[in-house]
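Only one chain comes next, encoded as C-alpha coordinates, the form predicted on its own.
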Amino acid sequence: MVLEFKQAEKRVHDSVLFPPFDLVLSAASVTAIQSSVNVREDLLGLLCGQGSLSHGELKWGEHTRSGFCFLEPGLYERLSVTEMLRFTRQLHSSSEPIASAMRQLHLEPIQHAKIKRLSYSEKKRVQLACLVLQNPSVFILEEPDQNIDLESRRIYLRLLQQLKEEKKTVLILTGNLESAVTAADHVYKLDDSGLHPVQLEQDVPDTATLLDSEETVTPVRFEKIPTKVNDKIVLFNPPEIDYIESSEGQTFLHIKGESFPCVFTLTDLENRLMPFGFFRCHRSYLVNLQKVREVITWTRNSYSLVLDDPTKTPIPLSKSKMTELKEMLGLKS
(Lines give C-alpha, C1' and ligand atoms only; values in the text may rest on other atoms or scores of the structure.)
Protein backbone atom coordinates (compact mmCIF):
# COMPACT_ATOMS: atom_id res chain seq x y z
CA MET A 1 0.00 0.00 0.00
CA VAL A 2 1.35 3.40 -1.07
CA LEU A 3 -1.75 5.52 -0.51
CA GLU A 4 -5.10 4.60 1.02
CA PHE A 5 -8.44 6.35 1.31
CA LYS A 6 -10.27 4.67 4.19
CA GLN A 7 -13.98 5.48 4.53
CA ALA A 8 -13.08 8.92 3.23
CA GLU A 9 -16.03 11.30 3.29
CA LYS A 10 -16.34 15.03 2.67
CA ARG A 11 -19.26 17.29 3.48
CA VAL A 12 -19.48 21.02 2.83
CA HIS A 13 -22.05 22.57 5.16
CA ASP A 14 -25.15 20.40 4.62
CA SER A 15 -24.10 19.04 1.24
CA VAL A 16 -22.26 15.78 0.54
CA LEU A 17 -19.32 16.35 -1.77
CA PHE A 18 -18.57 12.64 -1.72
CA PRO A 19 -19.84 9.89 0.64
CA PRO A 20 -17.48 7.41 2.38
CA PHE A 21 -15.30 5.43 -0.03
CA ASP A 22 -12.33 3.08 0.15
CA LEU A 23 -9.47 3.06 -2.34
CA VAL A 24 -5.96 1.64 -2.14
CA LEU A 25 -3.20 2.67 -4.53
CA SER A 26 -0.21 0.38 -4.95
CA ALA A 27 3.17 0.67 -6.63
CA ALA A 28 3.64 0.30 -10.40
CA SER A 29 0.09 1.43 -11.20
CA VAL A 30 -1.71 4.32 -12.86
CA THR A 31 -5.09 5.18 -11.31
CA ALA A 32 -7.46 7.90 -12.49
CA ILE A 33 -10.35 9.50 -10.62
CA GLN A 34 -12.82 11.32 -12.85
CA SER A 35 -14.88 13.93 -11.01
CA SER A 36 -16.28 17.45 -11.01
CA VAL A 37 -13.99 20.44 -10.49
CA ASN A 38 -15.17 20.84 -6.88
CA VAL A 39 -14.37 17.24 -5.98
CA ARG A 40 -11.02 17.40 -7.76
CA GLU A 41 -9.97 20.57 -5.96
CA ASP A 42 -10.99 19.13 -2.60
CA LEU A 43 -9.04 15.93 -3.24
CA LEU A 44 -5.98 17.97 -4.18
CA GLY A 45 -6.29 19.96 -0.96
CA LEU A 46 -6.47 16.75 1.07
CA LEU A 47 -3.46 15.25 -0.70
CA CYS A 48 -1.48 18.48 -0.21
CA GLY A 49 -2.29 18.49 3.50
CA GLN A 50 -4.29 21.70 3.17
CA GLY A 51 -7.71 20.22 3.95
CA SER A 52 -9.39 17.63 6.09
CA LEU A 53 -11.99 14.91 5.71
CA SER A 54 -15.36 15.07 7.42
CA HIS A 55 -14.95 11.40 8.23
CA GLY A 56 -12.43 8.63 7.58
CA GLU A 57 -8.72 8.97 6.91
CA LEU A 58 -6.07 9.35 4.26
CA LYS A 59 -3.09 7.08 4.93
CA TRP A 60 0.32 7.28 3.27
CA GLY A 61 2.66 4.32 3.12
CA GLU A 62 5.92 4.38 5.03
CA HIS A 63 8.64 6.48 3.34
CA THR A 64 6.13 7.62 0.71
CA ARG A 65 6.95 10.95 -0.95
CA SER A 66 4.41 12.71 -3.15
CA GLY A 67 4.93 15.14 -6.02
CA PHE A 68 2.31 17.27 -7.77
CA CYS A 69 1.70 18.45 -11.31
CA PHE A 70 -1.04 21.06 -11.05
CA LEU A 71 -3.28 22.33 -13.84
CA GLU A 72 -1.39 25.63 -14.00
CA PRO A 73 2.30 25.07 -14.86
CA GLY A 74 3.60 27.53 -12.23
CA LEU A 75 6.99 27.99 -13.88
CA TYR A 76 9.36 30.97 -13.70
CA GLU A 77 8.79 32.72 -17.02
CA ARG A 78 12.18 34.49 -17.11
CA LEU A 79 14.22 31.32 -16.80
CA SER A 80 15.24 29.10 -19.67
CA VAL A 81 14.18 25.43 -19.69
CA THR A 82 17.61 24.31 -18.50
CA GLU A 83 17.70 26.97 -15.77
CA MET A 84 14.23 25.93 -14.57
CA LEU A 85 15.28 22.29 -14.32
CA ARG A 86 18.51 23.21 -12.50
CA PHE A 87 16.54 25.34 -10.05
CA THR A 88 14.10 22.50 -9.36
CA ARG A 89 16.90 19.98 -8.90
CA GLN A 90 18.66 22.21 -6.39
CA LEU A 91 15.44 23.13 -4.57
CA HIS A 92 14.60 19.48 -3.93
CA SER A 93 18.22 18.38 -3.32
CA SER A 94 17.74 15.88 -6.11
CA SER A 95 20.40 13.59 -7.54
CA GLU A 96 18.35 12.84 -10.66
CA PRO A 97 20.18 13.77 -13.89
CA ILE A 98 18.76 16.74 -15.76
CA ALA A 99 19.71 15.23 -19.11
CA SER A 100 17.58 12.16 -18.42
CA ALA A 101 14.48 14.20 -17.48
CA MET A 102 15.00 16.40 -20.52
CA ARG A 103 15.26 13.36 -22.76
CA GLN A 104 12.13 11.72 -21.29
CA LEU A 105 10.04 14.82 -22.02
CA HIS A 106 11.72 15.63 -25.37
CA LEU A 107 12.99 19.03 -24.24
CA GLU A 108 16.43 19.02 -25.87
CA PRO A 109 15.38 21.16 -28.88
CA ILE A 110 14.03 23.91 -26.57
CA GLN A 111 16.46 23.59 -23.65
CA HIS A 112 17.83 27.13 -24.10
CA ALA A 113 14.47 28.79 -24.78
CA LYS A 114 12.89 31.05 -22.16
CA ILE A 115 9.81 29.64 -20.48
CA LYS A 116 7.76 32.68 -21.53
CA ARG A 117 8.47 31.85 -25.19
CA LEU A 118 7.12 28.30 -24.97
CA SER A 119 3.73 27.03 -26.05
CA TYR A 120 1.31 25.75 -23.42
CA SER A 121 2.10 22.14 -24.38
CA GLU A 122 5.86 22.73 -24.04
CA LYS A 123 5.35 24.32 -20.62
CA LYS A 124 3.41 21.25 -19.47
CA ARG A 125 6.31 19.04 -20.56
CA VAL A 126 8.74 21.24 -18.60
CA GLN A 127 6.41 20.95 -15.60
CA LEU A 128 6.44 17.16 -15.88
CA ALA A 129 10.24 17.16 -16.20
CA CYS A 130 10.47 19.17 -12.97
CA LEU A 131 8.30 16.55 -11.28
CA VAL A 132 10.51 13.74 -12.61
CA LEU A 133 13.54 15.50 -11.09
CA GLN A 134 11.82 15.53 -7.69
CA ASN A 135 11.64 11.71 -7.98
CA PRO A 136 8.60 11.17 -5.72
CA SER A 137 7.16 7.71 -5.11
CA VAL A 138 3.64 9.01 -5.85
CA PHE A 139 2.97 11.27 -8.87
CA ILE A 140 -0.28 13.23 -8.48
CA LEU A 141 -1.38 14.81 -11.75
CA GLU A 142 -4.19 17.36 -12.15
CA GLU A 143 -5.63 17.39 -15.70
CA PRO A 144 -2.18 16.49 -17.10
CA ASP A 145 -3.17 16.32 -20.77
CA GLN A 146 -5.77 19.07 -20.92
CA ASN A 147 -5.36 21.23 -24.05
CA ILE A 148 -1.95 19.82 -24.99
CA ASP A 149 -1.01 18.92 -28.56
CA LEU A 150 -0.87 15.37 -29.91
CA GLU A 151 2.91 15.06 -29.73
CA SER A 152 2.98 16.19 -26.09
CA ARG A 153 0.18 13.77 -25.26
CA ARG A 154 2.15 10.92 -26.81
CA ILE A 155 5.19 11.91 -24.73
CA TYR A 156 3.04 12.11 -21.58
CA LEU A 157 1.57 8.62 -22.09
CA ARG A 158 5.01 7.19 -22.76
CA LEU A 159 6.19 8.78 -19.49
CA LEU A 160 3.39 7.01 -17.61
CA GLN A 161 4.62 3.67 -18.94
CA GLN A 162 8.16 4.48 -17.84
CA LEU A 163 6.97 5.44 -14.35
CA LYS A 164 5.15 2.12 -14.03
CA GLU A 165 8.31 0.27 -15.02
CA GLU A 166 10.12 2.20 -12.28
CA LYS A 167 7.49 0.96 -9.75
CA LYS A 168 6.07 4.44 -9.25
CA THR A 169 2.46 5.16 -8.31
CA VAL A 170 0.49 7.63 -10.43
CA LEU A 171 -2.83 9.23 -9.46
CA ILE A 172 -4.60 11.26 -12.16
CA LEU A 173 -7.38 13.66 -11.17
CA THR A 174 -9.45 14.70 -14.18
CA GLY A 175 -12.88 15.69 -15.39
CA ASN A 176 -12.33 14.00 -18.76
CA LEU A 177 -13.34 10.34 -18.88
CA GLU A 178 -11.64 9.71 -22.23
CA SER A 179 -8.37 11.03 -20.82
CA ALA A 180 -8.73 8.77 -17.78
CA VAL A 181 -9.54 5.66 -19.82
CA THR A 182 -6.64 6.22 -22.25
CA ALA A 183 -4.00 6.79 -19.56
CA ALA A 184 -4.91 4.65 -16.55
CA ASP A 185 -5.00 0.98 -15.58
CA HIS A 186 -7.79 1.62 -13.07
CA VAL A 187 -10.46 4.29 -13.56
CA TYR A 188 -13.05 5.51 -11.05
CA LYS A 189 -15.79 8.12 -11.04
CA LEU A 190 -16.28 10.03 -7.78
CA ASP A 191 -19.36 12.13 -7.07
CA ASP A 192 -22.03 12.65 -4.44
CA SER A 193 -23.24 9.07 -4.95
CA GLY A 194 -19.83 7.57 -4.18
CA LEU A 195 -16.82 6.02 -5.89
CA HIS A 196 -17.68 3.86 -8.90
CA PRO A 197 -15.20 1.78 -10.93
CA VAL A 198 -15.31 2.30 -14.69
CA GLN A 199 -15.26 -1.02 -16.50
CA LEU A 200 -12.34 -1.12 -18.91
CA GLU A 201 -12.18 -3.30 -22.00
CA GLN A 202 -10.11 -6.43 -21.54
CA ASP A 203 -7.46 -7.41 -24.08
CA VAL A 204 -9.30 -10.66 -24.83
CA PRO A 205 -12.48 -10.15 -26.88
CA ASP A 206 -15.71 -11.36 -25.32
CA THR A 207 -16.45 -14.87 -26.62
CA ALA A 208 -20.22 -14.42 -26.58
CA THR A 209 -19.90 -11.26 -28.65
CA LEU A 210 -17.73 -13.05 -31.21
CA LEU A 211 -20.23 -15.92 -31.48
CA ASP A 212 -23.12 -13.51 -31.90
CA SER A 213 -21.30 -11.64 -34.64
CA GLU A 214 -20.56 -14.87 -36.48
CA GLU A 215 -24.10 -16.23 -36.31
CA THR A 216 -26.05 -13.04 -36.92
CA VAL A 217 -26.28 -11.23 -40.23
CA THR A 218 -27.82 -7.80 -39.71
CA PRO A 219 -29.80 -6.52 -42.70
CA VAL A 220 -29.50 -2.89 -43.76
CA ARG A 221 -32.14 -0.79 -42.01
CA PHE A 222 -33.10 2.83 -42.29
CA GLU A 223 -34.22 4.21 -38.99
CA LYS A 224 -33.83 7.22 -36.76
CA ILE A 225 -32.53 7.19 -33.19
CA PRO A 226 -34.82 8.90 -30.64
CA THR A 227 -33.56 11.13 -27.83
CA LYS A 228 -35.40 13.28 -25.33
CA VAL A 229 -34.67 17.00 -25.06
CA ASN A 230 -36.68 18.72 -22.35
CA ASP A 231 -40.16 17.30 -22.96
CA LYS A 232 -39.69 16.68 -26.66
CA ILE A 233 -38.58 13.57 -28.51
CA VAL A 234 -35.95 14.41 -31.12
CA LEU A 235 -35.12 11.96 -33.89
CA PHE A 236 -31.62 11.81 -35.36
CA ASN A 237 -30.49 10.14 -38.56
CA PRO A 238 -27.58 7.74 -37.85
CA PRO A 239 -25.13 9.62 -40.15
CA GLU A 240 -25.62 12.74 -37.99
CA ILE A 241 -24.21 11.01 -34.91
CA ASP A 242 -20.47 11.43 -34.22
CA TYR A 243 -20.15 8.92 -31.39
CA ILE A 244 -22.10 7.36 -28.53
CA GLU A 245 -20.92 7.07 -24.93
CA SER A 246 -22.21 4.97 -22.04
CA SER A 247 -21.68 6.40 -18.56
CA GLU A 248 -23.11 5.05 -15.30
CA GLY A 249 -25.88 3.17 -17.06
CA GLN A 250 -26.93 6.14 -19.22
CA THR A 251 -26.28 6.37 -22.95
CA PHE A 252 -25.52 9.70 -24.67
CA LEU A 253 -25.45 10.59 -28.36
CA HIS A 254 -22.77 13.16 -29.26
CA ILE A 255 -23.67 15.30 -32.25
CA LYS A 256 -21.71 18.40 -33.32
CA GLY A 257 -20.40 19.05 -29.83
CA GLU A 258 -23.75 18.50 -28.10
CA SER A 259 -24.83 15.57 -25.93
CA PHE A 260 -28.29 13.97 -25.98
CA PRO A 261 -29.54 11.21 -23.62
CA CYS A 262 -30.90 8.05 -25.22
CA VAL A 263 -33.08 5.28 -23.76
CA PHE A 264 -31.31 2.48 -25.65
CA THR A 265 -28.28 0.65 -24.25
CA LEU A 266 -24.96 0.76 -26.07
CA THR A 267 -25.44 -2.87 -27.13
CA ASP A 268 -28.90 -2.09 -28.54
CA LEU A 269 -27.46 0.84 -30.49
CA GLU A 270 -24.53 -1.25 -31.71
CA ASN A 271 -26.98 -3.75 -33.23
CA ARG A 272 -29.10 -0.98 -34.73
CA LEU A 273 -26.23 1.10 -36.12
CA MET A 274 -23.76 -1.49 -37.41
CA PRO A 275 -25.20 -1.29 -40.95
CA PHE A 276 -24.54 2.47 -40.89
CA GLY A 277 -20.80 2.12 -40.29
CA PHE A 278 -20.70 2.33 -36.49
CA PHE A 279 -17.95 0.47 -34.63
CA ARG A 280 -17.74 -0.61 -30.97
CA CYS A 281 -14.26 0.80 -30.35
CA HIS A 282 -14.40 0.40 -26.56
CA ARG A 283 -16.68 -1.12 -23.94
CA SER A 284 -18.15 2.34 -23.28
CA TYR A 285 -17.95 3.88 -26.78
CA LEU A 286 -19.54 3.40 -30.19
CA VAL A 287 -18.13 5.56 -32.99
CA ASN A 288 -19.28 6.52 -36.48
CA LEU A 289 -16.28 5.46 -38.58
CA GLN A 290 -17.26 7.96 -41.28
CA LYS A 291 -16.40 10.70 -38.77
CA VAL A 292 -12.95 9.34 -37.89
CA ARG A 293 -9.94 11.19 -39.29
CA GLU A 294 -6.99 9.53 -37.50
CA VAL A 295 -6.05 6.42 -35.57
CA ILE A 296 -3.32 7.26 -33.06
CA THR A 297 -1.02 4.83 -31.26
CA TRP A 298 0.09 6.39 -27.98
CA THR A 299 1.85 3.36 -26.51
CA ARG A 300 1.89 -0.37 -27.20
CA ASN A 301 -1.46 -0.81 -25.43
CA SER A 302 -3.00 2.66 -25.71
CA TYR A 303 -4.84 3.97 -28.77
CA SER A 304 -7.31 6.70 -29.72
CA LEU A 305 -9.53 7.57 -32.65
CA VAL A 306 -9.56 11.27 -33.56
CA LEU A 307 -12.75 12.63 -35.09
CA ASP A 308 -12.86 14.97 -38.05
CA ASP A 309 -14.46 17.83 -36.13
CA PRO A 310 -13.27 21.33 -35.11
CA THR A 311 -12.03 20.14 -31.69
CA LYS A 312 -10.42 16.91 -33.01
CA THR A 313 -12.34 14.90 -30.39
CA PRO A 314 -10.37 11.84 -29.19
CA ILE A 315 -12.23 8.56 -28.56
CA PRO A 316 -10.56 5.65 -26.71
CA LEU A 317 -9.79 2.52 -28.71
CA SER A 318 -9.09 -0.68 -26.80
CA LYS A 319 -6.25 -3.02 -27.77
CA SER A 320 -8.53 -5.86 -28.87
CA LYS A 321 -10.66 -3.48 -30.93
CA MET A 322 -7.54 -2.04 -32.58
CA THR A 323 -6.85 -5.51 -33.99
CA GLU A 324 -10.44 -5.81 -35.18
CA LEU A 325 -10.34 -2.36 -36.78
CA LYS A 326 -7.14 -3.20 -38.67
CA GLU A 327 -8.83 -6.30 -40.09
CA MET A 328 -11.84 -4.24 -41.15
CA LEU A 329 -9.55 -1.74 -42.90
CA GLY A 330 -7.55 -4.50 -44.55
CA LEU A 331 -4.33 -3.55 -42.76
CA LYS A 332 -1.67 -6.00 -41.67
CA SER A 333 -0.74 -6.14 -37.97
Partner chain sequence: MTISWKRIHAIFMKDYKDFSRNLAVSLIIFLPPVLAAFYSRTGNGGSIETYYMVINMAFGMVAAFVQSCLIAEEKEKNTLRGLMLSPASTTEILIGKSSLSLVLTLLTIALSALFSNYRPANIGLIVLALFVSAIFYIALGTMVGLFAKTVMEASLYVTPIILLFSFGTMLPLLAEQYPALQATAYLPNIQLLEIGTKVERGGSFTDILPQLAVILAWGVVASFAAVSLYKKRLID
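Residue numbers count along the first chain shown, from 1. If you're wondering where the values come from, they're calculated on a predicted model, not measured in any experiment.
Beyond what is shown, the protein has a form predicted in complex with the partner chain; the following relates to that form.
Under a 4.5 angstroms non-hydrogen atom cutoff, the partner chain in the model of the complex lacks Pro261 among its neighbouring residues. The closest heavy atom approach of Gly74 to the partner chain in the model of the complex falls within 4.5 Å. Not displayed here, the partner chain is kept clear of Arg103 by more than 4.5 Å at the level of heavy atoms in the model of the complex. The partner chain is not drawn, but in the model of the complex it has a heavy atom within 4.5 Å of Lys114.
The candidate stretches are 91-99, 173-181, 189-197, 234-242, and the one lying within 4.5 Å of the partner chain in the model of the complex by heavy atoms is 91-99. This chain lacks the partner; the member of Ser80, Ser137, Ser121, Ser247 within 4.5 angstroms of the partner chain in the model of the complex by a non-hydrogen atom is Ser80. Checking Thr297, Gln290, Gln50, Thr265 for any heavy atom within 4.5 Å of the partner chain in the model of the complex turns up a single hit: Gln50.
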